[in-house]
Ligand SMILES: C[S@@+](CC[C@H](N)C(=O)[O-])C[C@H]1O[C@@H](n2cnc3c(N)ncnc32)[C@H](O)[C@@H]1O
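Shown next as structure tokens: one chain only, the form predicted on its own.
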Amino acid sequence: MKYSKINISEAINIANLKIDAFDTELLLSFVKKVNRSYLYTHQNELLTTDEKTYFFELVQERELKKPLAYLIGKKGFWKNNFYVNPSVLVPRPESEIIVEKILEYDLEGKDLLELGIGSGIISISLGLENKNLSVIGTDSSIDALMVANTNSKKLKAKNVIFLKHDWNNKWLFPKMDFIVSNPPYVDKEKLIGDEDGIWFEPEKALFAEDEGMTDLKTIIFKSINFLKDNGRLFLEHAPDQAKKVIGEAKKVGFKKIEQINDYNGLTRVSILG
């Protein structure tokens, strides 16, 4: 880095020419291990050589669209910050809709299975909301399971366990009150190539064949046999898949179908029973 001695204000101004100002502040406060407010009250404080080097390395990565969550190693979801790394998807606010809707049900003494936990955000958030809900979370990725276990231990989610399982293989679960999944549903053919950050995320957790429907179809087809009476399957999907999800649900025998819009008014979650 060509800048020899620079203070906080100068570092921010330089970075703001390359990345979003909010991202700049988050990265610099992360590097310095301080709150963002500290940056405003200590604008003339010089960065150490290590701080300067690390900060501008992160700025360069962010300029290349690497997700901010991967750079600082965490992302807020529901009521907590979760550890994330490039082996799991970056948590998205749309997924909070699933948590919100499940919490409308009586969870006392109930059983919930999540398929494809990633960093564990949904399972852990629900487990923390109701300590008498028994949660089993599964994923086919060992790396994802390690991330989820780290979060579970950090947040003390004692009623949540994680297992390695691929939903394409045989299911050996008992019947559940709730099954939840945010599976891969992105149709790779529809992407234009400049989506912010998506190309840094694990492809296996994002993309699905058959216009993004392959994993959704598998989960719908198998889940109906693993739900208790009055059980519910919660699925996150793309808005343009909503009608297809209804079609697949009716095909296998689901009778109750509810669909929920996201914060932009787009159908994002299906509840099948």
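Keep in mind the model is a prediction, meaning the values are calculated, not measured. Note that residue numbering follows the sequence shown and begins at 1.
Not on display, but discussed next: the form predicted together with the ligand.
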Residue 182: touches the ligand in the model of the complex, heavy atom cutoff 4.5 angstroms: yes
Any non-hydrogen atom of residue 205 within 4.5 angstroms of the ligand in the model of the complex: yes
Non-hydrogen atom contact residue 165 with the ligand in the model of the complex at 4.5 angstroms: yes
Close approach of residue 140 to the ligand in the model of the complex, 4.5 Å, heavy atom: yes
Among 154 to 162, 108 to 116, 67 to 75, 129 to 137, the region lying within 4.5 Å of the ligand in the model of the complex by heavy atom distance: 108 to 116
89, 102, 147, 176 - the one with a heavy atom within 4.5 Å of the ligand in the model of the complex: 89
Residues in 118 to 132 with any heavy atom within 4.5 Å of the ligand in the model of the complex: 118, 121, 122
